[in-house]
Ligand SMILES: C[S@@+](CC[C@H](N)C(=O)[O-])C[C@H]1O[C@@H](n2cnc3c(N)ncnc32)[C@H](O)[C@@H]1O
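Let's start with one chain on its own, the form predicted on its own, as structure tokens.
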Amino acid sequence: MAKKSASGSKKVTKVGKPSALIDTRVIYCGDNLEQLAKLPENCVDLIYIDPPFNSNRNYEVFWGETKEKRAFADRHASTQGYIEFMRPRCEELHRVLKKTGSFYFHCDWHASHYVKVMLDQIFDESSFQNEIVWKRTTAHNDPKRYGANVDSIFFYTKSNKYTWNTQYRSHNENYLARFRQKDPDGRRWQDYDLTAKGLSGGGYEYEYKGVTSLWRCPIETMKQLDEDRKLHFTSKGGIRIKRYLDENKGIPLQALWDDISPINSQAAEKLGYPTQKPLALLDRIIKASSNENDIILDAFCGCGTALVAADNLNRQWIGIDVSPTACRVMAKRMRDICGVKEDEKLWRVGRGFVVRDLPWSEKKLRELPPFEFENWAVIAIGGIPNKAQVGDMGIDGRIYPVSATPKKVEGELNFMDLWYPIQVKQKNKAGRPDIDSFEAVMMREDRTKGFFVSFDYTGDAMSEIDAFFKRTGKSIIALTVKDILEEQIAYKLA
């Protein structure tokens, strides 16, 4: 199967077999507590979660190429509420984790000490392996305290028999500078003493190529080293052993991770999700605690970085998130970054992926938070949501016809002046005042066509739409949620 890398080039990877225990390569939209309860015990190899925590503010975020700005409100009123929310979910995560599995809980300083106590109770203190400290930003100027620029990642296992693949980080420049000498083929090396003089336990005394000494290795090993061209015969008549730089794996990874940069404003992978983590961070965790075709679960997967990393590394994966917006962004990343198709037939043979339980019913759509509903409606009719939730001047999104060619202006992506406004109302019936307000928008922006989405419309509203067209020649396309769900909008968008 050919996949696209982040740079756009194709790479060839093996296609893993689907799990016999559970469905994988699935993104579930909904409460993870409900979804986890459907999974059998001991079915997942690795779990990583990065749950949102109350920070007493709303996040304003930009989504991907279309710069869809959205507010992510805090969900937990207090630390106690956060722990009460997380405990049953962590108990379920412990249940579905295999005996040989590993669990990573990513959090910041707000509640990390309480999280550790909770996880000790669920997993048992003896199953705690590490607190990984990740330097997530550069220096902070936090008034009257030390700068809070690190996150904690708690690493637990379900037993003392778990998957572990040692990871290494590169040596520093001072160490690398020691490898000053090169072979004709360019391999860099430094030499070490081969004699055993002064070592406890003695050595092997013999003569080799005219040099007699007490050596660290028997003569058979010396001959093999010579055959492998790993001996250095010095100008002073000594024999030393070569250590090649390319044979050095590096320094075994420690619990302080200060070598992975955060997502900055210029990063190619940046989506604007408020707690988006760098792909390199998830790559490291997945490589260390799983093998190819193992099952990776992220139950708070947000914009899906763990899923992208898992797919790139030929692992099976499952993602869960309560936000329909996040699930759509995840699906887009899987298609665009990993080159995996969202296709039921391909999914059944372990190649594509599917998204389950998106709120494609009027009942569920009525229950969505207003910004989620607005986002769903704009995207569903092919529009681009607004950059801002406030100060939008009555425009919730825009539709750009194919003829609206994008162009670069002062470093930003702007469009030619051909677009149609969209307004969304999460109401049982949009009324005449709602239409009057949208008409004012269309007159102000001098648009010939506009789109309005609601669950239904009053008779007065529909009459006003007709009258507005007769007065101005400007048309308002009134769409209902039912029109969209039943895909009956094509004739209205013509």
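Quick caveat, the model's predicted, so the values are computed rather than measured. In case it trips you up, residue 1 is the first one in the sequence shown, and so on.
Note that the form predicted together with the named molecule isn't included here; everything after this is about it.
Undergrad: Each of T24, N293 and D311 near the named molecule in the model of the complex, meaning some heavy atom within 4.5 Å?
TA: No, the candidate spot makes no contact with the named molecule.
Undergrad: Though the named molecule is not shown, can you say which of Q129, S152, N386, T275 has a heavy atom within 4.5 Å of it in the model of the complex?
TA: Checked against the cut-off, the match is T275.
Undergrad: Between I320, I286, A377, M334, only one gets a heavy atom within 4.5 angstroms of the named molecule in the model of the complex; which residue is that?
TA: None of the other options qualify; the answer is I320.
Undergrad: Is F85 close enough to touch the named molecule in the model of the complex, meaning at least one heavy atom pair within 4.5 Å?
TA: F85: yes, in contact with the named molecule in the model of the complex.
Undergrad: Examine P421 and determine whether its closest non-hydrogen atom to the named molecule in the model of the complex is within 4.5 angstroms.
TA: Output for P421 is no: heavy atoms all beyond 4.5 Å of the named molecule.
Undergrad: When the contact criterion is heavy atoms within 4.5 Å, does G101 count as touching the named molecule in the model of the complex?
TA: Taking the distances in the model of the complex, the answer for G101 is no, it never comes within 4.5 Å of the named molecule.
Undergrad: Give a yes or no for E41: in the model of the complex, does one of its heavy atoms lie within 4.5 Å of a heavy atom belonging to the named molecule?
TA: No - in the model of the complex, heavy atoms of E41 and the named molecule never come within 4.5 Å of each other.
Undergrad: From the candidate stretches 216-224, 275-283, 349-357, 139-147, select the single one in contact with the named molecule in the model of the complex, where contact means a heavy atom within 4.5 Å.
TA: The contacting stretch is 275-283.
Undergrad: Going through 299-331, which residues have a heavy atom within 4.5 Å of the named molecule in the model of the complex? Please give them in sequence order.
TA: The stretch 299-331, when checked against the named molecule in the model of the complex, contributes A299, F300, C301, G302, C303, G304, T305, I320, D321, V322, S323, A326 at the 4.5 Å heavy-atom cut-off.
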